[in-house]
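The chain below stands alone and is given as structure tokens, in the form predicted on its own.
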Amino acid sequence: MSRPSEYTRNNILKAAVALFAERGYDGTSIRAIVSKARVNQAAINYHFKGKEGLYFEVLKVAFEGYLRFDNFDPERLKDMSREEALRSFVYQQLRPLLARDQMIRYIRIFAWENVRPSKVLTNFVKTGAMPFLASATELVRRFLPPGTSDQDAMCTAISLMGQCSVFVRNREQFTKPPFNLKIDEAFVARLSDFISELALKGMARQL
């Protein structure tokens, strides 16, 4: 890809991330993206084959940004004791609470998906998010009885991630009344310990 072409593509993505974070998928028009990125619609069609293709790339960028931010490394977890690995995983999931600027936009995009899921998300999950879910499922299996079904293990992993994501998705609301949470490093550390302890107790009941 030539440098001007790469610049145009990145400029479109940057504009799209900002608008999708502010308005969600349904509330963002190609016309708005064209205007903000200062390109024509042909450029979007050329680089992304339309709105759905562009949004798929936005989800990919947001998800990869999330993983980079929390330094998720499934291989590193394998070398830890299961309790240490669980706490590390939970802490990594909660670290975006400390994020600013662009990371906040990524969080908002997934928050929109929680309220009004798009069909693009379904396609993205199949290709982009399943490896992450597989790693989380492998982690919780270390706490579950032998013979636990794949479905039960996956549901346990989803439940664990959900306990973390509810705080990340609603970060802005939790810092305001009536919650008034002070979200800093100490808070994230305490919350990591709390969620890890709850998860340990929950999984222990299945033994």
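Rigid core here is just the name for the largest C-alpha set that superposes within 1.5 Å across the two forms. Heads up: residue numbers just count along the shown sequence, starting at 1. All figures in this text were calculated on a predicted structure; none of them were measured in a lab.
The form predicted together with a further copy of the same chain is left out here; the points below concern that form.
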Quiz item: Is F167 close enough to touch a further copy of the same chain in the predicted bound form, meaning at least one heavy atom pair within 4.5 Å?
Solution: yes
Practice problem: Answer with yes or no whether A189 is in contact with a further copy of the same chain in the predicted bound form, where contact means some heavy atom within 4.5 Å. | Solution: no
Exercise. Evaluate F174 for contact with a further copy of the same chain in the predicted bound form, applying a 4.5 angstroms cut-off between non-hydrogen atoms, and reply yes or no.
Key: yes
Practice problem: Indicate whether M154 is a 4.5 Å heavy atom neighbour of a further copy of the same chain in the predicted bound form. | Solution: yes
Quiz item: Judged by heavy atoms and a 4.5 Å cut-off, are D26, L181 and F194 together in contact with a further copy of the same chain in the predicted bound form?
Solution: yes
Self-check item: Listed residue that, although a further copy of the same chain is not shown, lies within 4.5 Å of it in the predicted bound form (heavy atoms), from L133, M80, I104, L98
Solution: L133
Quiz prompt | in the predicted bound form, residues of 81-117 near a further copy of the same chain [heavy atom within 4.5 Å] | solution = R108, A111, W112, N114, V115, R116
Self-check item: A85 C-alpha moves between this form and the one not shown by 2 Å or more, core aligned
Solution: no
Quiz item: After the core is overlaid between this form and the one not shown, has the C-alpha of Q173 moved by 2 angstroms or more?
Solution: no
Quiz prompt | Core-superposed comparison between this form and the one not shown, S159 Cα displacement 2 Å or beyond | solution = no
